[in-house]
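Just one chain is shown here, as structure tokens, and it is the form predicted on its own.
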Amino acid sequence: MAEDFVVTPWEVSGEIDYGKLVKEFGLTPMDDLPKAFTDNLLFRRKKVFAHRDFSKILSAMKERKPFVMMTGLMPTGKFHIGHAVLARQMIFYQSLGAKLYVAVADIEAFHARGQSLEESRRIAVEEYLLNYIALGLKPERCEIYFQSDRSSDAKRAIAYYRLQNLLAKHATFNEFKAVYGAVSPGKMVAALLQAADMLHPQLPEFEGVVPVVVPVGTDQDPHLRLARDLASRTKSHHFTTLASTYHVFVPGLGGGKMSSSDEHSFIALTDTPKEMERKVKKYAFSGGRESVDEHRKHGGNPDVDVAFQYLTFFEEDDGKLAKIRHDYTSGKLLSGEMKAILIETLNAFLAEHQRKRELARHRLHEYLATPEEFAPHKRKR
């Protein structure tokens, strides 16, 4: 990559040039989309900016054929507004008719971070699943499962874990070393299971051979390329080539990539109004000038102003957003006033979201592939 920024599975730093990323990673710009996509904020504003083989998904939609959106979650840390960008894509694809497969990477968390399976399960439910439901995820045509416990259906579970072992035959140590750096047996197991997560919806025990799209940030692209390569070498199964889309990184409050390990870099969807306001006022990087007079004269820079960048994800009205941008660049709107607009916008969003989040608790059993321990009573089989 260019020296002025870095995007790898281990590090995202510098001022990211997404145009260069498209060229360096061999991606295709996300253009000429149907109206359903251009009506969606994330696609309309190029938050989802590139793809590989996305035409497979568009063709399936046009021909009213089945397709799958597959994604995963790392059950560590709090669910923040960066995670919400992917969740909103999940919900959008579901509205378009996709079957959703969502893997909870508890095996990966165990090997890579030493976190117990029990703690991963608790975090997945409390921090992710409740927020997914509150954001609008529906239980129909949706499978959320744990890598350690794929399914209560023995045939499906066996098929999933068998695929992991079949893929292992076609992997090389040098490939793993190139993608993951220092490699341990545990990390290799987790990586192979991640590839199985992406590919197993196409097994006959699940959906059969259907197009699958995996939305990721560009830092996760090496994992996707590995899965595509392993699939192409696996002759015992015919896999349709995985499609993928790439979304921009939501900046951390201080700039750079948002990090779940730094509570001052993100706004959690469970933050109180007071806590959210404190974080925005204290930590949100400003694109304003050093003095009010200088700002009035020269205006601010919305492209680096974190408060404005967050508004581009939450303010649906394009005209209103354009006016805020104009007023800021002209100097009419000050940095403190920009933060106040964001605080008001997020307060409205968080208040409604947190109300829905509490209502979601009694519905947990509707969503999990192995839901018994969260059900108010055993479901009839």
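All residue numbers are counted from 1 along the displayed sequence. Here the structure is a predicted model, which means the values were calculated and not measured.
This next part talks about the form predicted together with another copy of the chain, which is not shown.
- request: Consider the chain as shown here, without its partner, and state which of 126, 229, 205, 219 has a heavy atom within 4.5 Å of another copy of the chain in the predicted complex.
  value: Of the candidates 126, 229, 205, 219, 205 is the one lying within 4.5 Å of another copy of the chain in the predicted complex.
message: Only one of 260, 95, 301, 184 gets a heavy atom within 4.5 Å of another copy of the chain in the predicted complex. Which one?
response: Checking each option against another copy of the chain in the predicted complex, the one that comes within 4.5 Å is 184.
message: Is another copy of the chain in the predicted complex close enough to 114, 158 and 168 that every residue in that trio has a heavy atom within 4.5 angstroms of it?
response: Checking in the predicted complex: 114, 158 and 168 are all within 4.5 Å of another copy of the chain.
query: What stretch, of 172-180, 207-215, 274-282, 306-314, brings heavy atoms to within 4.5 Å of another copy of the chain in the predicted complex?
result: Careful reading of the contacts points to 172-180.
query: Looking at the partner-bound form in the predicted complex, is residue 296 within 4.5 Å of another copy of the chain by any heavy atom?
result: Answer no; every heavy atom of residue 296 is more than 4.5 Å from another copy of the chain in the predicted complex.
- prompt: With a 4.5 Å heavy atom cut-off, would you call residue 240 a contact of another copy of the chain in the predicted complex?
  reply: The answer is no: residue 240 has no heavy atom within 4.5 Å of another copy of the chain.
query: Taking heavy atoms only, is residue 149 within 4.5 angstroms of another copy of the chain in the predicted complex?
result: Because a heavy atom of residue 149 falls inside 4.5 Å of another copy of the chain in the predicted complex, the answer is yes.
query: Does the 4.5 Å heavy atom contact test between residue 249 and another copy of the chain in the predicted complex come out positive?
result: Residue 249: no contact with another copy of the chain in the predicted complex.
query: What are the residues of 186-224, in order along the chain, with a heavy atom within 4.5 Å of another copy of the chain in the predicted complex?
result: Residues within 4.5 Å: 186, 188, 189, 192, 193, 205.
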